[in-house]
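Only one chain is given next, in structure tokens, and it is the form predicted alone.
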Amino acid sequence: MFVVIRDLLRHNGDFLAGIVLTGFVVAMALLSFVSPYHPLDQFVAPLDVPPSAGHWFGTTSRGQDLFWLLAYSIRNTLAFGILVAIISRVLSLSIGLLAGYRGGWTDRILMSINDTFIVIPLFPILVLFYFVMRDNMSWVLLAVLTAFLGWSYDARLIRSVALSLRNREFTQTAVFAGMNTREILAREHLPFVLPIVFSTTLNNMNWSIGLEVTLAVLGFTDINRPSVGGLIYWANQHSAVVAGIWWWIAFPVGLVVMLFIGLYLLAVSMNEYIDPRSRLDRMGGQGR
């Protein structure tokens, strides 16, 4: 994987741009650990102050410094996307590799379950989950449910790669050597799908973060937990656009768009690396 990242940094400008954009957002999130304010504290700063040297991103109608509040919010939003990506990667890897390697009835059963999750309408289920669990709503519960609804597309992609690996010579050699299914999948097949896992992880993060922001803007999450969508929700509640407090919406939207673009560029760059023709074009026609 480190060799892949090295090649991408050398030959792919989109990957470098994605690293820079995503790195800026991550640095913003890390600043939350040195914030002078608690994210839930209100009226610790003057109300509705535009961006200035004293308050870089301005302040809100709730008396909060938007720069430090946004640092907390983007950290929580990133944490949500990372947790969803980790859980859904475990599911998609396990099901995709097993279905592709075992084939037969195992493949048919697992892919039937997979296709069921593909056609399930996600947004209505998440909204229903909010109303059922409103009193016990937490971001962890929402992330777990989102992950369990968001693994199916990537599992099918991983399965397609595993199908091509099951009849390869090294797989047959591993079987003759006495390796069990778990060892074959972990040692022999997993390295071949890691670039795909990296790419789908970034896409999954974009998808889950966008979903969480949408739910939060509509008030269907824990709005008292700072998040980018929560910031926009409270800005709407205080009629920030009508009142001319543009920075309350502009900076959160700008930062999350920067994150979306950064993750998208990283995912596209990895997809190009996986495709041998695109990789050769990027590297000037020189194969590795």
Partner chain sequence: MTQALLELATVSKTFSRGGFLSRERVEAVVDVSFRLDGDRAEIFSIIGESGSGKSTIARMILALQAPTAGHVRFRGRDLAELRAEDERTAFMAAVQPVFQNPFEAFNPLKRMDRYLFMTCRRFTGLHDEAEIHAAADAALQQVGLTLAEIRGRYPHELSGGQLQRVAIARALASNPSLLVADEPVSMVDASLRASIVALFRKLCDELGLSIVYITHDLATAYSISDRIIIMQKGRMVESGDARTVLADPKHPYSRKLKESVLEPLAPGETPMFAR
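Numbering follows the first chain given and starts at 1. From a predicted model like this one, the values you see are computed outputs, not experimental measurements.
This protein has a second form, the form predicted in complex with the partner chain, left out of what is shown; the following refers to that one.
The candidate stretches are 138-146, 197-205, 77-85, 177-185, and the one lying within 4.5 Å of the partner chain in the predicted complex by heavy atoms is 177-185. Checking 94, 160, 172, 106 against the partner chain in the predicted complex, a heavy atom within 4.5 Å turns up for just one residue: 172. Contact annotation: residue 168 falls within 4.5 Å of the partner chain in the predicted complex, judged by heavy atom distances. In this stretch, 192-217, the one residue having a heavy atom within 4.5 Å of the partner chain in the predicted complex is 192; the partner itself is omitted from this view.
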